[in-house]
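Take a look at this single chain, the form predicted on its own, given in structure tokens.
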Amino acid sequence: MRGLLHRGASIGPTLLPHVLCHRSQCTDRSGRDRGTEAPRRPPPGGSMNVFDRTMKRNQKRWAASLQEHDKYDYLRAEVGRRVADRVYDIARYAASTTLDHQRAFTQHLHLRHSVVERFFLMDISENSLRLKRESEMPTHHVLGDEEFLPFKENTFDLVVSSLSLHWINDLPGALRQIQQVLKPDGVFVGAMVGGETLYELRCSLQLAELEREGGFAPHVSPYTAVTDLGNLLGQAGFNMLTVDIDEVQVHYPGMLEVISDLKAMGESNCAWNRKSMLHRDTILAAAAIYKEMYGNEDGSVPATFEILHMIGWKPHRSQAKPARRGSATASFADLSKIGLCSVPAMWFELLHRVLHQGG
């Protein structure tokens, strides 16, 4: 599925890129060259520690404090509607929780009391949780980290996550925790960004840095590939899996507006190996490359977001199970023994017309 959004006064992108800083000065107050500072290193003791979660909490706190924070919810609202559609296709649930990212209430608005009776809204940022909206559902706000869910096992009928899992260090562990807090026959409905997200921005920055600085650093967060997602869900204990892909393309006046909106969404890069600043001439070169390679005839530039949707169920004895191996009563080899005389005359006549339609 492909969707298009056009950025007027209040439309832009989302998801996980970088905070790119204009480098107007090269030294700090002590006289040290900020461009030669040592790269950030994750604290020792973790095999999966790609993102600085403290930095992400600070980014979200700042974004939630903006006076016009609603202005930057366009993509999250669009994905939230698509996630809600998948919830409506399933069933009615008594208790639900959402492990949503900043401004999680956007998705909340698309779920009704007829579908979810009680709603638990969780976020890592206290400022984000304070951005309340009126809802017909009884709602409980929970301050917590998606990497360490503060819920008991077998608590919820439904867990929803919309555009939050891409900042998780231990994604397999987070999926296992989600499976544990679900009741038997409970369902997890999630959406996260995929590997082709913001490829225009990624390529433009890399080419500009290679040309101006002789090398490039990562400015866009690493993503999970769709080919890995099904395996991760299966390893976490889910069954009856569904994984599909949406593509949403947002149009901006230019590359600088893309970066500005990403920062205002709290979606700046928080990887430990991120580059703290980018030269001004490199940014201008990247903007020119972006417009030249990907620009539209009307002068705008696209930003593409690949959205991976997933549905997984916690096992229960009432669920359909595959037949026992070897229990089949017919073989594919037997199909070759079926003659034309066994095909109804009407089907044969229809096949004849199709094959000779152009004759």
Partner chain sequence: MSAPNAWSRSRERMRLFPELFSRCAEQAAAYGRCVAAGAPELRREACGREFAALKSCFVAAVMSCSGTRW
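The structure displayed is predicted, hence computed values, not measured ones. Residue numbers count along the first chain shown, from 1.
What comes next is about the form predicted together with the partner chain, which is not displayed.
- Exactly one of the stretches 225 to 233, 173 to 181, 155 to 163, 283 to 291 approaches the partner chain in the predicted complex with heavy atoms within 4.5 Å, and it is 283 to 291.
- Contact check for I245: no non-hydrogen atom falls within 4.5 Å of the partner chain in the predicted complex.
- In the predicted complex, at least one heavy atom of E257 sits within 4.5 Å of the partner chain.
- Contact annotation for I90: none of its heavy atoms lies within 4.5 Å of the partner chain in the predicted complex.
- Though the partner is left out of this view, R212 does reach within 4.5 Å of the partner chain in the predicted complex, counting heavy atoms only.
- When you look in the predicted complex, the only residue of L241, A264, L207, L129 with a non-hydrogen atom within 4.5 Å of the partner chain is L207.
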